[in-house]
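Just one chain is shown here, as structure tokens, and it is the form predicted alone.
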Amino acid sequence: MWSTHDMGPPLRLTRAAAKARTRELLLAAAAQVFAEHGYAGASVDEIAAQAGYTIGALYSHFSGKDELFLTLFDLHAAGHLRDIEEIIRQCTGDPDFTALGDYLATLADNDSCRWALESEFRRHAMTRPELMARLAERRAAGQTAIAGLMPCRRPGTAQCAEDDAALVITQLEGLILQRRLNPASVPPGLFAEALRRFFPPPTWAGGG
């Protein structure tokens, strides 16, 4: 067994590490409070209390509830993009996109709370042009990232990958929404079939 005797006092975090830890705890608390109360029902006071910090500590890291939510949005989106990149890397030569279809079906089944929060936040942002602009920037960045993983179906057309990414994202989001409403109507294989029809072999070769 590991022993804690004679190890001396615990190491103190550096200033940068302490700030990163505070930020991490505030984000974890925000995720929990948003999930429990929704975006409108959540308060920065409760988020700070949940994390074990003062409201002043929260405002030293985030400008408010909007920034907390957008930061969580970015973290989730980055995580999903990493997962998709890994699946594409491993499924070179699989024209049926089975693994990616299964991933999207699981996302639809298990991420409904976050989807509901994002829908609520979008309604909130519609009355605030600056927030809509920030959401649009994130949407564009995600589309560009997806475009970078996809083959171009129309070589020689500079915008083709971006256009294809927009079409694929819109189609898959529609299937995700439909599966959340009626899971039986969108089996996992339907996601793979949608991708196969959009990128018939040999168009796709592991994103290369």
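Just so it is clear, the structure is predicted and the values come from calculations on it, not from any experiment. One rule holds for the numbers: they count along the sequence shown, beginning at 1.
Although not depicted, the form predicted in complex with another copy of the chain is the subject of the following passage.
- Taken together, the three residues Ala17, Arg23 and Gln50 all stay farther than 4.5 Å from another copy of the chain in the predicted complex, as judged by their closest heavy atom.
- Though the partner is left out of this view, Arg123 does reach within 4.5 Å of another copy of the chain in the predicted complex, counting heavy atoms only.
- Residue contact check for Glu36: one or more of its heavy atoms lie within 4.5 Å of another copy of the chain in the predicted complex.
- For His61, no non-hydrogen atom is located within 4.5 Å of another copy of the chain in the predicted complex, even though that partner is not displayed.
- Taking the partner from the other structure, another copy of the chain in the predicted complex has no heavy atom within 4.5 Å of any heavy atom of Ser43.
- Residue in contact with another copy of the chain in the predicted complex (any heavy atom within 4.5 Å), chosen from Leu107, Ile88, Leu135, Leu81: Leu135.
- With the partner omitted here, the residue from Ala166, Ala145, Leu27, Leu70 that has a non-hydrogen atom within 4.5 angstroms of another copy of the chain in the predicted complex is Ala166.
- With contact defined as any non-hydrogen atom lying within 4.5 angstroms of another copy of the chain in the predicted complex, the contacting residues in 168 to 190 are Thr170, Gln171, Gly174, Leu175, Leu177, Gln178, Arg180, Leu181, Asn182, Ser185, Leu190, given in sequence order.
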